[in-house]
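First comes one chain, alone, set out as structure tokens in the form predicted on its own.
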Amino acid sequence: MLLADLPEGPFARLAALLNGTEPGKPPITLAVGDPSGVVPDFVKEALAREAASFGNYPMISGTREWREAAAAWVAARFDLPSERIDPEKHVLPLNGTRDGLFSVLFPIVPRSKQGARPIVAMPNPFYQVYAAAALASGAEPLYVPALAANGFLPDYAGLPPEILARVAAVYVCSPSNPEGAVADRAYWDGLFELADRHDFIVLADECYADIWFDAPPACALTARLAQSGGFSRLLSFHSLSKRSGLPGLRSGMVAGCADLIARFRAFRNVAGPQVPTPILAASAACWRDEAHVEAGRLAYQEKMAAAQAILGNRMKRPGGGFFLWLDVGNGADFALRAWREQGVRLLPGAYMGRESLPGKTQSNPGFSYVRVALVSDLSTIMTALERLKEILG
């Protein structure tokens, strides 16, 4: 079975961990990264305006309005010449970023590379859909540790040459989930040099790119264009779930290499879901508007500042995203204690990772951590963090 090695879902594992344990105080969950944003009026208006088009099949490549809005956002957000982002060649709508991150491997991963099973490399800990995609496409998933020592970003250049020869694609999440690490320009440049040398594709999961605290994160598209004059070997994924706080819209996009976009579009035309036209209309409105994004970012900055005021040196502020990655010694034990004593639901970091050494639980890069999602309202987050402060060492 292709999916026999699929990691068990982290939230199923969390439910099993807490099963039978009553919360010590009124429960608060900081385990799930559900932004739960306010739906802007312009989104409701776009949905209502185009509601009649639910009666028609949408185009796999989206409407012209969507393509132009998406392309304009990519160019403006990542400081690219507008003529370098062609709405007809460089962008494609997705039913949420997860849809694209999963299905993208099917049209791009070869049956073999260097006469062996191809490898798809990913950070460890990781967003579980990366592993599901690798296994479903017939590739071998390779879990590359993202540790404090390497800035919580996978060191793909450190892989042995015989492994790199088999790599068909790599996932990079920046700002990363769960650690909030941000890849700088040097990291992207080094990764693309490696991709050119070993002939693999870079899948840049940048869905948190609009949630940052000091400065906008460096972007893969910007780095690749400056380095090579184009977007070869690169697909960059973006999400309105995070940017706009609208996870229920199930809307995202992929941008990048025209040849890869064409292959992905052809695959989706026969095997992938279309994005409904009313959703495309609402999405286009979101890509065109920055005011709601700035408001959301300010709210996350306020939540992060509150976390720093409460937790102090017990936390390290991430470069972006809306998670805290707290080192607590043993993440599963701490999550159970936080629930039993304080009623706070957290996700053990190990549940997002894999053991580097079979049977050695502490070889899981997430073993000593818990992930804390700062997506609730400020008052709820402050209450939960004050409770956690009581049991943090």
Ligand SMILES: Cc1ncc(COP(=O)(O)O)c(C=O)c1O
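Since the structure is predicted, the reported quantities are computational estimates derived from the model, not experimental observations. Numbers follow the displayed sequence, beginning with 1.
Note that the form predicted in complex with the ligand isn't included here; everything after this is about it.
So, T97, N177 and Y208: all three within 4.5 Å of the ligand in the model of the complex by heavy atoms, or not?
Yes, the whole trio is in contact, each within 4.5 Å by some heavy atom.
Evaluate A169 for contact with the ligand in the model of the complex, applying a 4.5 angstroms cut-off between non-hydrogen atoms, and reply yes or no.
Judged by the heavy-atom cut-off of 4.5 Å, A169 is well away from the ligand in the model of the complex.
With a cut-off of 4.5 Å between heavy atoms, is R233 one of the residues that contacts the ligand in the model of the complex?
No, R233 is distant from the partner.
Would R250 show up as a contact with the ligand in the model of the complex if we use heavy atoms at 4.5 Å?
The answer is yes: R250 has a heavy atom within 4.5 Å of the ligand.
With the cut-off set at 4.5 Å between non-hydrogen atoms, does R224 touch the ligand in the model of the complex?
No - in the model of the complex, heavy atoms of R224 and the ligand never come within 4.5 Å of each other.
Report the residue, out of Y156, Y130, W188, F200, that has at least one non-hydrogen atom within 4.5 angstroms of the ligand in the model of the complex.
So the residue touching the ligand in the model of the complex, by this definition, is Y130.
Which one of A281, L101, V275, A134 is close to the ligand in the model of the complex, taking close to mean a heavy atom within 4.5 Å?
Exactly one listed residue reaches within 4.5 Å, namely L101.
Stretch from 188 to 196, 299 to 307, 267 to 275, 89 to 97 whose residues place a heavy atom within 4.5 Å of the ligand in the model of the complex:
Contact-bearing stretch, as computed: 89 to 97.
Neighbours of the ligand in the model of the complex among 225 to 245 [non-hydrogen atom within 4.5 angstroms]
Contacts from 225 to 245: S239, S241, K242.
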